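A lone chain, given as structure tokens: the form predicted alone.
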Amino acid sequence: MDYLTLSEIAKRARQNLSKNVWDYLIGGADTESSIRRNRHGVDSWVFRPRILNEVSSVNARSEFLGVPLRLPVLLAPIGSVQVFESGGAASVAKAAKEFGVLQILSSVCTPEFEALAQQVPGPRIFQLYLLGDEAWMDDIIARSIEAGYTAFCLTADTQTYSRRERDIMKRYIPRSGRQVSVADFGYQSSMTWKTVEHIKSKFDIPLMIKGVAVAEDAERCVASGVDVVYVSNHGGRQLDHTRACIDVLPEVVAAVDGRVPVVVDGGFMRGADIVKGLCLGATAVGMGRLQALAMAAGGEPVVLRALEILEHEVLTTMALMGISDIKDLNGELLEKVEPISHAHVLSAFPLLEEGY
């Protein structure tokens, strides 16, 4: 299919996936309020466009940790991305490389990180769930450096696997998760700031901490030598009743105060959403569910097509805002209002509800 819109990609993904896998993709923790609030937050920010500015040429290119980006987007780590399309992380890696953005590889994906680095060489970030002791972690980090990874991302908001009622009520256990208690979750629940200090003292690789939700933790990340602060609530899949990530972003950006890059994800599905994140101070925006929707709609070529459509949406949004370069995006171009529609995980694609 020649996809012309992201809505068409989302529609085809729903047609292609089983109910179990679809619910795993769009579902979240407990009441799923964190998911809805993520989207509500994105919808709450509206543009204050400027007119009569020269926008015959619009630039959305940037860089991240020294890597040139065609679009300030990171393909966020998705556990078991291979359930959406058999190529798994390799399909995402090929599309990311061809388009020109960075993939963050989840440690629970196939191909595993060393094989992927050989199969699809190029800059990439490796994300780890701590499933072993310190020696196990050190070995993984050392091997990721040897494999040529650009940075190392430690996820800090998965102290235990959350309760995801869509899965529980069907007695469905995803490959990347188990219904366990905090005590049973092992090493992931034992991480502390000492873990961060250990990594920084032993390894020469940029460290990204994913799961930051308050200014205080952002400040402590910087004080501990963290190289990238990643604002995320795990797509609403871990702790229920959290703030929207886009609403957390301004306080984190203020706390970081330009000392390190800030990444944000959570509810970002369209080009205009990316622009909003950049206006509020993000260096780059993570795209998770959209990536999975594209994988389910057709794998590598559709992930590439989704990125192309995102780029067109970003450039169009910027031109209509009167902004010709992303470095000129700022908070004065946004205002917060009450959204006009009910927010849910796919409310970025309202035409789907009308049967398109």
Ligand SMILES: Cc1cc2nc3c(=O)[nH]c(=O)nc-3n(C[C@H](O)[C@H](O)[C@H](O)COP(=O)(O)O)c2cc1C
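Keep in mind it's a predicted model, so treat the numbers as computed, not measured. Just count from 1 along the sequence shown to find any residue number.
One more form of this protein exists, namely the form predicted together with this ligand; it is left out here, but the text below deals with it.
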Could you tell me which of 251 to 259, 104 to 112, 219 to 227, 140 to 148 sits within 4.5 Å of this ligand in the model of the complex, going by non-hydrogen atoms?
104 to 112
Sort through W193, F203, Y172, Y129 and report the residue having a heavy atom within 4.5 Å of this ligand in the model of the complex.
Y129
Heavy atom within 4.5 Å of this ligand in the model of the complex: which of M287, M295, M318, L310 fits that? Just give me the one.
M287
Applying a 4.5 Å heavy atom distance criterion, does G267 contact this ligand in the model of the complex?
yes
Since only the chain is shown here, I'm wondering whether P72 would be in contact with this ligand in the model of the complex (any heavy atom pair within 4.5 Å).
no
Taking this ligand as it sits in the model of the complex, is G277 near enough to touch it, meaning that at least one heavy atom pair lies within 4.5 angstroms?
no
Please tell me whether any heavy atom belonging to T155 falls inside 4.5 Å of a heavy atom of this ligand, as the geometry stands in the model of the complex.
yes
Contacts with this ligand in the model of the complex, stretch 231 to 262 (heavy atom within 4.5 Å)
S232, H234, G235, R237
